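Quick heads-up: it's one chain on its own, the form predicted on its own, in structure tokens.
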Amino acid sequence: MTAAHARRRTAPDRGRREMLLLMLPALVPVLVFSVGPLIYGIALSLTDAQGGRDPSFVGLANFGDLLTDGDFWGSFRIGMIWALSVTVVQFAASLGLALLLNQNLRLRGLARVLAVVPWAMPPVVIGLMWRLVYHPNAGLLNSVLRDLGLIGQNIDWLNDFSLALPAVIVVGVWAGMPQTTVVLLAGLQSVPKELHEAAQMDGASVWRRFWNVTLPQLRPVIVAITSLDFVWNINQFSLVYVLTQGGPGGQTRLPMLFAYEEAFRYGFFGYAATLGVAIVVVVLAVLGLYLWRQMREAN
């Protein structure tokens, strides 16, 4: 083997080593803060860990208990209603806002800045602000509805069994719209103008151009952002906790709230870890479906 041939063989190996070294600063936090806790959570779910005593291995017993736990299935049903409702309404509202912000309007730059303001607010601040809006006696919502003559007496939005979940969904939509709007707006700006001009020359109406040109071009962006929104929403905790703490009567108790209560209110850490693993499985199923669809469209 000549020296030149040896150098050619070692060049790819050197390039791979350099690539790994460059990726290391990004991989270490992922391994420490994501993969490590995930592995620990899976291991913890296989034990009967409780506060104040040493854990013992129980295998899949926690998962068996989970399948017959009516409280879990109730929270899972509420979590799916929450995640699907927020994701769908959030997408529809964000698409409308993105279409509006994509027009040549006066003060468009200011409107775009104002549209992302909720994104800069911590979930705790958003929750506290909306608690004031929904306050039964001093809240802005009841005051406006009374002035319009739509209600005769104050409504306790966050403590009403039939209104608490819809009220919380409205907050979730409002809080999540900015990032969805930004992504959709970026997708709209990447649609070639020539396609719209050609469709317009063919006599296509605004609606037909939107349906036959804009939406097909946005499909990869729509699939990506709705999948990520669903994953984010199904894992939501802080916003709903500040608003209702899962009440009234568990009507807004999302799966993550249920897991939190099992761990830090009742001390069942092993069972709470099992709940977390179950949610991870749901999230992975959604991401798997998304990746499968992306590969299918690519082929």
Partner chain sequence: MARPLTRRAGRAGQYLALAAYMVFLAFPLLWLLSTALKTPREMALLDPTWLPRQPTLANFAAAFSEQDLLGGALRSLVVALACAVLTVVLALPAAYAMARYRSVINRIAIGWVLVSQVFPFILIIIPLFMVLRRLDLVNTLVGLILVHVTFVLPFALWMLLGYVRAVPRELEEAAAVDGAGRVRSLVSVVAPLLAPGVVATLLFSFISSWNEFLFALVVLKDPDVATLPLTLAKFTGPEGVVRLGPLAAASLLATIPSMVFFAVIQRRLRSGLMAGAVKG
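Residue numbers count along the first chain shown, from 1. As the structure is a prediction and not an experimental result, all values here were calculated from the model. Throughout, rigid core stands for the largest set of C-alpha atoms superposing within 1.5 Å between the two forms.
Quick note: we don't show the form predicted in complex with the partner chain, though the next part is all about it.
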message: Given a 4.5 Å cut-off on heavy atoms, tell me which of 76 to 84, 183 to 191, 213 to 221, 93 to 101 is the interface stretch with the partner chain in the model of the complex.
response: 93 to 101
field: Non-hydrogen atom contact residue 288 with the partner chain in the model of the complex at 4.5 angstroms
entry: no
- request: Spell out, yes or no, whether the shortest heavy atom distance between residue 63 and the partner chain in the model of the complex is within 4.5 Å.
  value: no
- prompt: residue 33: heavy atom within 4.5 Å of the partner chain in the model of the complex?
  reply: yes
field: Contact flag, residue 46 vs the partner chain in the model of the complex, heavy atom cut 4.5 Å
entry: no
- prompt: Considering only 126 to 150, what residues come within 4.5 Å of the partner chain in the model of the complex, judged by heavy atoms?
  reply: 128, 129, 130, 131, 132, 133, 135, 137, 138, 139, 140, 143, 144, 146, 147
message: Quick check: residue 36 between this form and the one not shown - does its CA shift reach 2 Å or more after fitting the rigid core?
response: yes
